[in-house]
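Single chain ahead, written as structure tokens, the form predicted on its own.
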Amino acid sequence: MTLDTQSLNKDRQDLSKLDEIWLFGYGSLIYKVDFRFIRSEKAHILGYERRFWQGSHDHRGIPEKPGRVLTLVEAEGVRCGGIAFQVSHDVFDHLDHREKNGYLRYETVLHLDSGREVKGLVYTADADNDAYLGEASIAELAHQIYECTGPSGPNREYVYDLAAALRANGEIDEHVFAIERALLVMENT
């Protein structure tokens, strides 16, 4: 699959026919909300966990030296907390561009903290996209993240901002926090 998934995402769902559109943010969409939304609420999805297995050639790295950003991987019995945003269909021109580096929009059930369950959309990058880097040890992930910078800034800022946002929302993610700890050790040596 191509790195630029904008046209693929435009054909995936007919958003104009939906009465209510919800978007689930589990990574940078939690702390970098650069789009209009109607309302937001803490939420979670089931059966997925965050992993720094997706390459970033356009934001947190460059084509010759891609950074690492999050995607979701299936994991039985796991809860992934984040933020749900109710949005209108016109924000997806911006979001499809922002999330174009191998990410596709999928439909999933969002469990809102208010107790409602709603159908929502989530951007995730599968292993068959050209930017997918795959599994690596925490040490390897931290080293690559520490070394990479792209147009959106140093890759490690992504980790620090996400970890802070997760803590602020009362979420615990050992994968993210372990990489954050490894990065802090690297910065202090």
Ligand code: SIN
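Quick note: we count residues from 1 along the sequence shown, nothing fancier. These numbers were taken from a predicted model, which means no experiment stands behind them.
Separately, the form predicted in complex with ligand SIN exists; it is not shown, and the next lines address it.
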Within 4.5 angstroms, counting heavy atoms, which one of the listed stretches 144-152, 131-139, 41-49, 28-36 is next to ligand SIN in the predicted complex? 28-36
Although ligand SIN is absent from this view, report whether Leu70 comes within 4.5 Å of it in the predicted complex, heavy atoms only. yes
Residue-level question: is Phe24 within 4.5 Å of ligand SIN in the predicted complex, judged on heavy atoms? yes
Residues in 70-105 with any heavy atom within 4.5 Å of ligand SIN in the predicted complex: Leu70, Glu99, Tyr103
